[in-house]
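The form predicted alone is given below as one chain in structure tokens.
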């Protein structure tokens, strides 16, 4: 397996273009299953998770082609299969997003249960309960969710106890062709959901409440293919802002949306990092010492759990005590042990991590445990003295489009080597 090596301590200078959002592209690709025809999707990142969901669509009868590096055309004329096998779902939990559109179009869906993952259980109870409210009959057998509907889905009111991003997306894709009106209460409000709503609206769906926690879907009898551009990846944007904060420097990020990161902006500014937001760009400068900060991960627009590991790496470079409360996933501190190998002083107590900023890290051999933990170790390596070697970096390929190349272009001494 490949590894990433970093010689830290170098200031970053220059410009980086942000890629399309992984978490925006995956549900939109799944939505192409809803109706026959050829859909066009722009600003698609080159990621392992994208390749996986495209492979899944092919097993269901779809075909696809890349028009250019970041443009996909997907044809869903011949969707006849309804099973998403364990062999594919086990590699990417977002595969569960085909459940809603398959049930909506074919009246049947058989999708493998994703199982556990490194950062927590992520149950799909919300998905199953919501689909049952719309009239689906669901059985769990041999590790699969087997969903059927007779006579078509029917609108209803669905309430989420906790806002669920993929749950909201699945309910939207199931409800657009259901008879009558569906109301989704306490829906997730992430920008990626708004991106999906724009796609569905372009297909002819009738959805009210975009950007709110109450979505109203008036079912329609049919949909048509659509064109859509994937929004910029706010997690990649945040990761790179934090990276410049940790390593120091002056970098401008382009093709991004500053409005998607309100909580991160506040915390970075409190930390002593200068941010200048344009309409589609962000300039980030860090030249002086860093101040300690506290964060609590929350559903959007709160602080993203997907940036918790990265900002912990930044906290190790501050002066004083910083506290992280992780409120989304129960096991998202697996990167702590690796940061300690680099000299970090971090104490974990349940869902709380206390970071004593020492203002320095030392390069070491470390191992990535999940996607965002991988990014935190890259950030730590950029700030550390000496050489950092990160193994199991295949996690990084799931969610970051050429992160090594982008950091190299702004002065980082970072490279990738094949493992033994």
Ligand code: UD1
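Fair warning: this is a prediction, and the values are worked out from it, not measured in the lab. Residue numbers count along the first chain shown, from 1.
We do not show the form predicted in complex with this ligand, though everything after this point is about it.
Interface residue among 196, 176, 94, 261, judged by heavy atoms within 4.5 Å of this ligand in the model of the complex: 94.
Shown without its partner, this chain lists 265, 86, 82, 126 as candidates; in the model of the complex, only 126 has a non-hydrogen atom within 4.5 angstroms of this ligand.
Taking the partner from the other structure, this ligand in the model of the complex has a heavy atom within 4.5 Å of a heavy atom of residue 166. This ligand is not shown here, and in the model of the complex it never comes within 4.5 Å of any heavy atom of residue 338. Using a 4.5 angstroms limit between non-hydrogen atoms, residue 23 touches this ligand in the model of the complex.
Mapping the unseen interface onto this chain, residue 305 counts among the residues with a heavy atom inside 4.5 Å of this ligand in the model of the complex. Just one listed stretch, out of 104-112, 158-166, 344-352, 216-224, contacts this ligand in the model of the complex at the 4.5 Å heavy atom level, and that stretch is 158-166.
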